[in-house]
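Shown here is one chain on its own, the form predicted on its own, set out as structure tokens.
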């Protein structure tokens, strides 16, 4: 039972003793006492005045008197106007600590019977995973773990965007420039190889476009482009050039049409290059500690989306224009007219999402579906949900889009086509190298073998990345600083890992050396730092519940940091293994064990593992 619920039950009994009335415990408002006042928790009596027919200050006095008389866990009370401040006895905190230590999954809620599907990552197969994907993946994974901890049955899914013009660009470039090179012949991850040719296509196209701009036809075409003040004609005309004039653009579009027509040679190349990307992406996921329960592929679901479009026409939820294109009128949802199928029958972005949503409901019958993408797709998901509502899909009101802010480097924005992105693999290597360099400066770990040092650097490096990103609220745009992320001081993953190593180490050493665990039962005079740590430990269930409800892992990140900081302060001010008596030693060993256990739980919710040595 949560601590506030325990106090509500105590206060409920005290009210019955004082007034002879039964009050619903949930109507009793209890908050943490303000830091400038004496007390642990405060009962707000104003809401009880009407129910009990008495003044708030009188109610506070009578409840306080009843609590002092009958509640052994209450060591004292004070009345401040309509507020009753309660001091809890050391024995109360000691018993709470014992309960935390004994509970296998402290902080986790009972199963709620709610099935939630969460879509995240969902990359294109024309490039490797990059820093933008990293934020998406870490948010999706952590939110899925939070929902599980809050009692949901969670299904982790992604849609692999394995078809379209971007994929064809990589294929065309490989055909033209690779000379048959493969990941094996290049000794390079497959997703990196395919990404190289996506960048190569763009570079070749840009060169082609620049040359065309200097031709008479190019100069004439750009002279006719109407632009607003500050706009560049060449930039505005670029897509038109690609779609109507560019030889490279023609090759990519012809390849897409051949793919749609099922051309065997195109499909074989597509399958081969996608296979390279899948192998590369899977290696990155494995290193990040991320898995999925179900994969969907756009090459399958766009056909399902076409069926949904026809279904919409039959139900008159969608309409067809004279050119044959299919549209949804979403003005009743304060949006606009949204194209669902092109005039030639080919799908658009929203088409496959309609089909995928329907298929997922068929597969899982989920109560809720969460999409994790960058906030630049906010409008897309508003339109998707509105279109599904028009189709009267039974799950349409169960869909939610978590649009997170973009992530930049200290050097600025990234662009995939220009090759200025930071690959997820390179990022991990860089930060792990930073962690390794920092570790080499600390003499205490140089005695360990090379394998142990490498494993520690990997854990510290990945914790640095994950924590640095997840400590920021999802809706906020952020800048990632690799060097700052690995610092052992400040709000970082390694700082929390170091606190865990201390807490785990002291409890492990005590177990090895032996101590009288039962002696802790006599320890009732807790120091403020000890009391504060137990208090903080007890808030984990509420933190998990709120973080899951708000889909915000940063709340757990803040909780873990505050707990680590509190333990460092306690460690500095109080001896554990050399405590003043056996009772203090036993209690503090137990406290260290509970802190280590709770740090492990909270960091696991962020997808972070904790080393036993740093």
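Positions refer to the first chain, counted from 1. Predicted model only: the values in this text are computed from it and were never measured. Note that the rigid core is defined as the largest set of C-alphas that superpose within 1.5 Å between two forms.
Quick note: we don't show the form predicted together with the RNA, though the next part is all about it.
Stretch-level contact analysis of 287-295, 375-383, 188-196, 355-363 against the RNA in the predicted complex, using heavy atoms and a 4.5 Å limit, identifies 375-383. Not one of 11, 234 and 586 is positioned with any heavy atom within 4.5 Å of the RNA in the predicted complex. Taking a 4.5 Å heavy atom cutoff to the RNA in the predicted complex, the contact residue among 83, 276, 259, 209 is 83.
Here is the short version: of 325, 299, 75, 213, the single residue with a heavy atom within 4.5 Å of the RNA in the predicted complex is 325. Using a 4.5 angstroms limit between non-hydrogen atoms, residue 203 is distant from the RNA in the predicted complex. At the 4.5 Å threshold, heavy atoms of residue 91 stay clear of the RNA in the predicted complex, well away from it. When contacts are judged by a 4.5 Å heavy atom cut-off, residue 462 does not count as touching the RNA in the predicted complex. Mapping the unseen interface onto this chain, residue 528 falls outside it, with no heavy atom inside 4.5 Å of the RNA in the predicted complex.
In the predicted complex, 561, 565, 568, 569, 571, 572, 574, 575, 576, 577 are the residues of 561-579 with at least one heavy atom within 4.5 Å of the RNA, listed from first to last. The Cα shift for residue 572 between the shown form and the other one, taken after rigid core superposition, is smaller than 2 angstroms. After superposition on the rigid core, displacement of the C-alpha of residue 86 between the shown form and the other one amounts to 2 Å or more. The Cα position of residue 548 differs by less than 2 Å between the shown form and the other one after fitting on the rigid core. In the predicted complex, the Cα-Cα separation between residue 495 and residue 35 shrinks by 3 Å or more relative to the displayed conformation. The pair residue 486 and residue 567 is at least 3 angstroms farther apart at the CA level in the predicted complex than in the present model.
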